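Only one chain is given next, in structure tokens, and it is the form predicted alone.
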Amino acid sequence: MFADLHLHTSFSDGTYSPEELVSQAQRFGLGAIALTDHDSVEGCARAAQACAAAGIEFIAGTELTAEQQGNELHILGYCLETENPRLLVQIARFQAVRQNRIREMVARLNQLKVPISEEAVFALANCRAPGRPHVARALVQAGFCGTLDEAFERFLKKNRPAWVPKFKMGAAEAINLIHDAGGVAVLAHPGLNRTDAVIPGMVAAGLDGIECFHTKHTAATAECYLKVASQFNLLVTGGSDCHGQSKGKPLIGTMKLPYQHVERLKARAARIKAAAPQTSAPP
């Protein structure tokens, strides 16, 4: 049995609904999936329901943006208690920051005589965690760019004229937040970040695992991070990082993680939950 532990829906910057995503997972014979929308757990209930109907195991997750020693990192949280009060408060805060970032990017585009509106971007995004891909789609839809790649290259990539820095919490804070919600903290696609020097510090902060297998990792890159995982006694995860149709060809089905890694992930989550301080019930 195989799993894909890095998937996005329209609750962040993917194009599939949770139900469409699960339908795709069923099509490719996946036995387990995790939903890891950016700064959101809103799609998890619907994905879990669709997975139950399809006979697919579901793992509730999210993807948080963090920073360590000036480096931007993405940290995946797995097996989360999606109703955890602290998690929901922080996610609402991150979503508000994302919405303000959209407003700033649109303002910069307007200064460049590109007359798209923030309302158009928010309507297109139709979620609480909008991101740059939604601005790119709005630019293409309005005819200012021919493709999403062109939109990023001309306006939205780092140091381009409409780029706005993203709020990032500290890596230790992100790991702690995930643990507080009963989850397992995993460093996403380290081969894309090229920040291996920060891994020991993250391990010291409680990092549980590392995403060795990713669509943009070569076989050599995956092997490198399998050695890192072994060196630091980290869990191994992997996923396609599918965003539906938003980044060209859908990637689900291209990365199949052996189920043994899901079992280890769940075992770690059980230990985290067991070690959490028990709050007494009110009288």
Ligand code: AMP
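Everything numeric in this text was worked out from a predicted model, so none of it was measured. Start at 1 and count along the sequence shown; that's the residue number.
Quick note: we don't show the form predicted together with this ligand, though the next part is all about it.
Student: Which residue among R154, H179, R101, R128 has a heavy atom within 4.5 angstroms of this ligand in the predicted bound form?
Tutor: Checked against the cut-off, the match is R101.
Student: Looking at E81, D149, E173, E118 here, can you tell me which has any non-hydrogen atom within 4.5 angstroms of this ligand in the predicted bound form?
Tutor: Going through each option in turn, the one that passes is D149.
Student: Taking 4.5 angstroms as the cut-off for heavy atoms, does R108 touch this ligand in the predicted bound form?
Tutor: Because no heavy atom of R108 falls inside 4.5 Å of this ligand in the predicted bound form, the answer is no.
Student: Are any of the heavy atoms in H243 no more than 4.5 Å from a heavy atom of this ligand in the predicted bound form?
Tutor: It does: once this ligand is placed as it appears in the predicted bound form, H243 has a heavy atom within 4.5 Å of it.
Student: H38: heavy atom within 4.5 Å of this ligand in the predicted bound form?
Tutor: Yes - in the predicted bound form, heavy atoms of H38 and this ligand come within 4.5 Å of each other.
Student: How about G209: is it within 4.5 Å of this ligand in the predicted bound form, going by heavy atoms?
Tutor: Answer no; every heavy atom of G209 is more than 4.5 Å from this ligand in the predicted bound form.
Student: Which among 109-117, 199-207, 130-138, 86-94 is in contact with this ligand in the predicted bound form, heavy atoms within 4.5 angstroms?
Tutor: After filtering at 4.5 Å, what remains is 130-138.
Student: At 4.5 Å, heavy atom to heavy atom, what parts of 166-185 sit next to this ligand in the predicted bound form? List them in sequence order, or say none.
Tutor: Only a single residue, K166, comes within 4.5 Å of the partner.
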